[in-house]
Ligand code: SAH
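There is one chain below, alone, in structure tokens, taken in the form predicted alone.
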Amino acid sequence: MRQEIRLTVKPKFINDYKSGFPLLTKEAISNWKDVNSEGTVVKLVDNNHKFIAKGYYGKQNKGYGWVLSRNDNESFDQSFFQRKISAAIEHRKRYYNNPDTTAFRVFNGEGDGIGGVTIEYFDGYYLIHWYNKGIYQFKDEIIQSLQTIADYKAIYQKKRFATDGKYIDEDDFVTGKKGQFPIFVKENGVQFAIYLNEGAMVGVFLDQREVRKAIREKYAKGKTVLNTFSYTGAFSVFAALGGAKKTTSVDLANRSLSKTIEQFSINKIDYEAQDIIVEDVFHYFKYAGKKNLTFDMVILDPPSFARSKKHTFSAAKDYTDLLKETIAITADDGIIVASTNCSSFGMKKFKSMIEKAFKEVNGRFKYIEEYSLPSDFKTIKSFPEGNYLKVVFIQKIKG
């Protein structure tokens, strides 16, 4: 039986936890010194020792652990995790029944009741991401639950937490029949090559599914498209399939070249008719400005934090300035797809950054449409930080 520790919630935070807030934060607890082993079951109580909730201790960038239950008698055994995962799979039933989309998120952390772990599905292969050592202590129960519930070809896992100061993103085959990679999945009829054996990044970010679809169906036809921070070129593939005149994909990572060529090729797109550039995006913006290059559509989806040899980028601090550079190389009446996955601010703040950027360059614009997470990325109202994705389609108005 796991160790269980009582943690006292400071008075001003009690209503938050009673209202469903799931993240255990440093500021909310008065006696963190009493717990030192990740994976410890913690029972939250008030100053009168009255029960509030229970969860587990596990450090990650978001906090110190997660609430899993508001039932004092709950045991975090296999049956508990099996109920949670079964409910999550039921919630995604329509995805399982869609032959045109065979990759989606099955379990979305705190949105499905267990913060610190996500599970993704890739055409019969399941991939578990562990985000802290605490939840990893429950790995046997969670893996066994998934094995019991799901039909699978194989299960893989990724450890996304630091050990002895070193970040772990190793491949780890769990069970089933090992895949021959790449495996090919579909998203709205478009193919992606997926690698579950090459570290944390598998080939596509599933949360942008609806945005890619919109680009293909409504925006790309006849347009020149610049895809910055392009990773494996997924946006570029959808733009090309949507009839884009030409796509330009820019990313600093050397592997982005071969990966983008692969994604174009499996979708029968002539990659030689596209531009695929391995370069620091910040350098490329300066180059494009000097050469007076403009694009009909610019996709701006930087990581929340990025560091290159000469640049450090933080979405919270630097997105406005980056957007100003984007505006400069966007053609009149062109579209900017402004996107961020930074969870430290919401859509209102993001729009204020957009408005500030246009104001500072004396530009005019209008909002066309916006997107957040698709339905398989389930979130809860009591934790708005979990609904991290913010995407806004903006039209740059001439004059």
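Note that the structure is a prediction, hence the values are computed from the model and not measured. For every residue, the number given is its place in the sequence shown, counted from 1.
Same protein, other form: the form predicted in complex with ligand SAH, not shown, and the subject of what follows.
Site annotation in the predicted complex: the residue of Lys286, Lys221, Lys177, Arg255 reaching within 4.5 Å of ligand SAH with a heavy atom is Arg255. Interface residue among Glu262, Asp318, Asp280, Glu120 relative to ligand SAH in the predicted complex, by the heavy atom within 4.5 Å criterion: Asp280. Three-residue candidate spot Gly20, Tyr56 and Glu110; no residue lies within 4.5 angstroms of ligand SAH in the predicted complex by any non-hydrogen atom. Ligand SAH in the predicted complex comes within 4.5 Å of no heavy atom belonging to Phe161. Interface residue remark: Phe80 is not counted as part of the site for ligand SAH in the predicted complex, having no heavy atom within 4.5 Å.
In the predicted complex, ligand SAH lies farther than 4.5 Å from every heavy atom of Asn188. At least one heavy atom of Ser230 is located within 4.5 Å of ligand SAH in the predicted complex.
The candidate stretches are 268-276, 323-331, 134-142, 299-307, and the one lying within 4.5 Å of ligand SAH in the predicted complex by heavy atoms is 299-307.
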